[in-house]
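Only one chain is given next, in structure tokens, and it is the form predicted on its own.
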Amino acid sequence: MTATLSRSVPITRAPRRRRPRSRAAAWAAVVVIGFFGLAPIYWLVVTAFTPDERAFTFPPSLVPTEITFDHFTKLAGNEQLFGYLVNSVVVSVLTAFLSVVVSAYMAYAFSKFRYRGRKSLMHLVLASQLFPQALLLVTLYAVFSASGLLGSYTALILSFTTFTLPLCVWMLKGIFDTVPSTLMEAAAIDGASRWRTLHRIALPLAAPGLVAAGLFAFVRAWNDFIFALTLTDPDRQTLPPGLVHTYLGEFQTAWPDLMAASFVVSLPVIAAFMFLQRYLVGGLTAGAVKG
């Protein structure tokens, strides 16, 4: 009788409760990481609205006691900085476009075709990320100087594309792996060519990944400093070196003006991330569990 009851009554375990110590440690880690991530941004915004004479008072005040908009007013009237902004938009948009187009074709070839040396070529593309930027800078400078492209937009766009291409290829390959091959076979049976199958079936299904790759390339080109300073003429330089030329001098640095300009030029990137966040998350995680 006792044995019968023990078989009929299912044994259920009470859900394990999280220990208070582990929960407190998790919250402490979140607070510490959040502080290191958000403190520089908060200090940038506070300094941008602080008058020049109060920017370096000691002890510093976490909450500004006096606010001014003079730095933003001077920023609006700076035509030279507007030229740097136009250069950044042109270079970043074209870099994102070129990176997405080239990486999409390369990733599709790696994902849907089988040929000798495919895996070795894929690893070689990824291994190109291991080269130090200083070595690439010297090499690209010599190549662009010999070809007559030094100082042009083309030199900057091609150099940025070389950085973003490997990661974009691997990102899009994982997404193309998730596209069922049966769709390609069905399109081939219906008479569609490989070119038409790629553009009408594969690319629309990989749209979140294309957006994520484009956003990654855009941000990479938008934030670069060294290559934009070295490979282009002063009138074609982008915002990072432009801000240095405008506000950093040999004997004096206009920190509040620099913080105001940095805050304004960061807004397009922040807006792009907020608007394309769902595509970015979907593109980065698509294909992550593909075997």
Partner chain sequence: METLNRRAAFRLAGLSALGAALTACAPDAAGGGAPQGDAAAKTFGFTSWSLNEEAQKAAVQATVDAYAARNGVKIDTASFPYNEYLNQVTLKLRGGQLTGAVQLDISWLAALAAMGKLKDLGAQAAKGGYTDVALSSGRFQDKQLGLPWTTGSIGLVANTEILKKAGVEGMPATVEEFEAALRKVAALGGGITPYAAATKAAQLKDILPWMRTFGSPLLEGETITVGDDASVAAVEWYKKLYDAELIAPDVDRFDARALFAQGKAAFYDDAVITRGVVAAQSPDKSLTEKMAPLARPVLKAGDTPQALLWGHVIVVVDGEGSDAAADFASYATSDTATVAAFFEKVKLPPTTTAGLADPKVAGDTFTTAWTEKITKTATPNPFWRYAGYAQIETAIAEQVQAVLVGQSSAKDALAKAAETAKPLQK
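Numbering follows the first chain given and starts at 1. Since this is a predicted model, take the numbers as computed values, not measurements.
A second form of this protein, the form predicted in complex with the partner chain, is not displayed here; the remarks below concern that form.
Visitor: Whether Asn223 contacts the partner chain in the predicted bound form should be assessed with a 4.5 Å heavy atom distance threshold; does it?
Guide: No.
Visitor: In the predicted bound form, does Gly249 have a heavy atom within 4.5 Å of the partner chain?
Guide: Contact check for Gly249: yes, within 4.5 Å of the partner chain in the predicted bound form.
Visitor: May I ask you to state whether Thr65 is within 4.5 Å of the partner chain in the predicted bound form, using heavy atom distances?
Guide: No.
Visitor: Evaluate Trp27 for contact with the partner chain in the predicted bound form, applying a 4.5 angstroms cut-off between non-hydrogen atoms, and reply yes or no.
Guide: Answer no; every heavy atom of Trp27 is more than 4.5 Å from the partner chain in the predicted bound form.
Visitor: Which single stretch, out of 210-218, 91-99, 144-152, 189-197, brings residue heavy atoms within 4.5 Å of the partner chain in the predicted bound form?
Guide: Going by heavy atoms within 4.5 Å, the stretch is 144-152.
Visitor: For the three residues Ser61, Thr178 and Leu267, which mark the spot I'm curious about, does each lie within 4.5 Å of the partner chain in the predicted bound form through at least one heavy atom?
Guide: Zero of three within 4.5 Å in the predicted bound form.
Visitor: Which of these residues, Leu183, Val86, Leu124, Ala76, gets a heavy atom within 4.5 Å of the partner chain in the predicted bound form?
Guide: That would be Leu124.
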